[in-house]
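Shown below, as C-alpha cells, is a lone chain in the form predicted alone; questions about how it binds or moves come after it.
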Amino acid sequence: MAPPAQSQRSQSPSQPSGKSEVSDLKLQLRQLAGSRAPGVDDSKRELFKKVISYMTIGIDVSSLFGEMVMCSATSDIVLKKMCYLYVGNYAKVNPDLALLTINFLQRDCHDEDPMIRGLALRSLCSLRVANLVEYLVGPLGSGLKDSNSYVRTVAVVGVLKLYHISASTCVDADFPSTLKHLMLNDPDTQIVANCLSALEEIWSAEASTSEEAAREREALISKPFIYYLLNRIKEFSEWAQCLVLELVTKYVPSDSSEIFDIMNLLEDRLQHANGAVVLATVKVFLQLTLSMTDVHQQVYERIKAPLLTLVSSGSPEQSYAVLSHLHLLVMRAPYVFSSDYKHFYCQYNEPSYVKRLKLEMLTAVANESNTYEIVTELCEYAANVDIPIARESIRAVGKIALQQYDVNAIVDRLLQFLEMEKDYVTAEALVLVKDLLRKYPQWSHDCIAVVGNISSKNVQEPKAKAALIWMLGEYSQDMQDAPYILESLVENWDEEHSAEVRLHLLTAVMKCFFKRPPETQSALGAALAAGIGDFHQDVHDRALFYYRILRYNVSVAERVVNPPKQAVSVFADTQSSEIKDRIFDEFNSLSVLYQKSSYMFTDKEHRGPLEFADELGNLSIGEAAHNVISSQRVEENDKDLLLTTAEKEETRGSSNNGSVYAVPYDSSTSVFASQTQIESAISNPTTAGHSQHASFGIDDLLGLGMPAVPDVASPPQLKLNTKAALDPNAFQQKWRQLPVALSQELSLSPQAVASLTVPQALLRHMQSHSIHCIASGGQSPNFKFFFFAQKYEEPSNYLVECIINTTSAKAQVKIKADDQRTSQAFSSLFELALSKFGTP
C-alpha cells in the first residue's frame, strides 16, 4: 500500500486554514497509523512537522492525540521525539488523554535503543499528572539500573520530578537511597552531579520532618564525601564543577592545614576558561579563609589576576558579571586593587552598563597615589558623546573629592566644568560643588566666584537648580546679586514644576532675609504667600511653618533656619555594612549583580512595582483596548491592589501627595494669605504675633492659635478639550517626569461596579466627559486605567492612573498635571464624571 497523496487543500504550516486542516491531518494520520509501506516514515515526518507547527503557533490539535499515539509505533527516533514533544504539551491540560500514552511510553522504556529508552522515560516523567505516578515507579527503578549512562542520567532527574509530583511516592519507593548509591559508585560524573543536585533538593525539603533526611543532608558536607568529590573534580563538566564547589563552600575544615590542602587542590581551577568555575573557586577561597585574616588578604592578591583576565577576555556580559564581583571585593579591600586601576579605564567600544560599573570601580580604588591619574582620565570622559556616561564621570570626580584625595586639583577641575557651557555638565558640576562646600567650606570663596557668573535661567534640571538656590541662600552675603536672583525666581514660582526646587527656594529666601533683610523682605513675603498656597503638601507645610515661626519670634526663626553649620565629615552610605556582608555571603549569585540580598528580589512582598514603561507596554493602547492582561500580571505589577481597604487606610499617611506625612486639609477653604499681611508680619515681628489679619484653612499646625478663615469664592470652573489627543510615548514621558499632584480614594456605586463587567463602558463614559483612556488592563476584580485630558484652548495636560477594585467598590486615583494649580479643579471634574458612571 503506497502512502496516500497529500491533500490538495493543504496550506503552509504558518497559514493553516482552520478546522478543516486539522481534520485532514487526522484523516491522513489514521491512514498512516497501520501502514508498513516503504517511505511511510517520511510521510509521517511531514505530518508530524505540521502538527508540531500548528501546536507551536497556538492552534488546538489535541483532537489528534489518539492518531499521534498510534503513529508512534516506529523505530524512527525523530518521529519518537516529535511525538513525545506533542504528548508532553497536551498531557498536563488533558489528564484523561495522558492515560492513553502510558502503555506506549512504558513499552518504549524497554526498547533496545538506549536513546529511545531515555527519551521515553523523560517524557513519562514529564507528564506531571498526579494520578499517574504509580506508573512511574517501575520504569524509574529500571532506568536507575540501566546499563546505559544516558538512561541513568534521565532517570535521576526523573526521580526529582516524581518527588515534586508526589513526595510520599518517591520516598516510599526508596529512591533517595538508590540515588545515594549511584552518587558514590557510578563511574559517570554527570550522573554523580545529577544525583548530588537531586539529593540536595530532596533532603533539604524533607529535613524539617525527617531526622534521617537531616542526617543525610549533613553527610553531604562531611570530610570523606567532600574529598571524594574534590579528587574527581577535573572529570566533572563545568556545570557540575560549579555544583561541587558550591557544596564545598558549606564545608567547615577542622584545621588550617585542611584549608590549605583544599586550596592547593583547587588552585588550577582559578585558571579555568569558564568564568562560572573561576567565580565558584574564588568563593571557596574567600569563605574558607574568613577566619584567617592574613591568609584572607593573600587570597585577594591571588584571585586578582584571574578575575582581571576574565574581565578583559570575555564577552561584555561576562565582563559585567565579573566586574560586579570585583566591585564587591574592591569595597572590602580597595588597597589590593589600587595599583591595577588602569584595568578599569573605559574602552570606546564597551557598552554603557560596563562603562558605568568601571566608573564605580575607579571611584572605589582611588587613593593618594593614583588620584591625579584617575581624575585626569575621568575628566576626559566628561566630553563623551554618551551623555549618561559623561554625567557619571563628573559624579565620580566629585565622589573622589569627598574622599579627601587631592582636593585642590579636583576643585579646580570641577570649576572648569562649570565653564564648559554644556547644560548637563554644568548641572552635574553644580550638584557636586554644593556637596564640596558642605564638606570643605574653606573653598567657598573660589567656588562662589565662579557660581555667581552662572545665570539661573540657564539651569533647568531640578537637582542642579536646587543646588544653585542652596548656594544663593547659604552664601548670599558673598554674592552681591543673590537677593535679586532669588526674587526673580520667586516671581516665576508658578512656572517651577519641581517641589524640590520650591522647597529649596523657600529656605534660601529665609536665609538671605536673615543676612540681608532690606533687600529680601519683599521676596520673602512673596515666597511665603506662594508657598502657603502651593498645591504640594510639603511646600505648603514648610511655608506655613516659616510664616508662623517668623510671627512668633524672628530671632528664634533665625536659630532654626540659619544656625551656624559645621562641615559634613562623612556623607551617608547608600548601603549599610550589614547589607554588604549579606551580599558577600551570597557571592557568585544574582545578589552581587543586583547589589541587594536575594530575599529582596525572590520574596514577593519585597518586590517593587515595575517601571511604567513595562506596565504601559503590557496594557492595551488607545481605542483597541479589548485585550486585557491576566490577573496574575496585575497582581505582580500592582501589589497595592492586593491591600484591603483597612490596609490602604493604614498606609495612606506615607503616600499622601508624595509627602512623608499627611496633614488634614480642607479643600473648600482658602489657604492663601495676602502678600501684604505676610510682609507686615515680617517687617513688624513684635506685633505680628498678635495680628488677627492672617487666616489659614489648616487647624493650628503648631498650636499657635490661628484664627479661622472666612469662606472665599470658588475658583472658576475648568473646561476641557473635547478633541484632546496625546501620543502614548508622550504620555509615558510625562508620567515619569511629573510629580503626583493629588492622590485620593473614591467610592463606586453598585451600578458602576455592575457596569464594569464590560470595562469599555467606562472608557466610553469618561470620553463623553472629555476624559480619554490611553491604556487599560486587568481582570475582575482588579482593573487599571490610564486617562488623560487637556485644558480647553491651552496645551496643558492632566494624566490619571485609576485602579478599581470591584470587590471593595473603591477607586485609587493618582493625578499628575502640567499646570498643577488646577489639579484640584480637574480632580473634582474626574470625581463627578466617575460618580455618574452606571447611572441611566
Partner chain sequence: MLQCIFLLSDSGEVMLEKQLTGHRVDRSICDWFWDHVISQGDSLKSQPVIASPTHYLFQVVREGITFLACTQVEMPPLMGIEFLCRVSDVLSDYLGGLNEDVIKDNFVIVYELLDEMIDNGFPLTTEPNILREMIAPPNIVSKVLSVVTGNSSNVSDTLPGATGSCIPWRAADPKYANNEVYVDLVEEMDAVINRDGVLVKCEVYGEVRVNSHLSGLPDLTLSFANPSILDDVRFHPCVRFRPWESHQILSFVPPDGEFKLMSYRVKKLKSTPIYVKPQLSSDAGKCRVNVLVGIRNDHGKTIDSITLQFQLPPCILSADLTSNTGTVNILGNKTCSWSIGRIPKDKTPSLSGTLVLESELERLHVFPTFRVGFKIMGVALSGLQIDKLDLKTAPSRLYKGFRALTRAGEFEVRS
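Residue numbers count along the first chain shown, from 1. Note that the structure is predicted; figures quoted are calculated from it, not measured.
Just so you know, the form predicted together with the partner chain exists too; it's not on screen, but the next bit is about it.
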Give me the residue from Lys223, Lys342, Arg215, Arg736 that has a heavy atom within 4.5 Å of the partner chain in the model of the complex. Lys342
The single option of Pro351, Gly141, Pro334, Pro517 touching the partner chain in the model of the complex, heavy atom within 4.5 Å: Pro351
Given 521 to 529, 491 to 499, 141 to 149, 542 to 550, the stretch touching the partner chain in the model of the complex at heavy atoms within 4.5 Å is 141 to 149
Can Glu238 be called a contact residue for the partner chain in the model of the complex at 4.5 Å between heavy atoms? yes
Distance check, Thr807 to the partner chain in the model of the complex, heavy atom within 4.5 Å: no
Look up in the model of the complex whether Glu586 has a non-hydrogen atom within 4.5 angstroms of the partner chain, and give yes or no. yes
Residue-level contact is defined here as any heavy atom of the residue lying within 4.5 Å of the partner chain in the model of the complex; does Thr178 satisfy this criterion? no
Site test, Lys49, Gly58 and Leu119 vs the partner chain in the model of the complex, non-hydrogen atom cutoff 4.5 Å: yes
For the stretch 297 to 318, I need every residue with any heavy atom inside 4.5 Å of the partner chain in the model of the complex, listed N to C. Ala305, Pro306, Leu308, Thr309, Leu310, Ser312, Ser313, Ser315, Glu317, Gln318
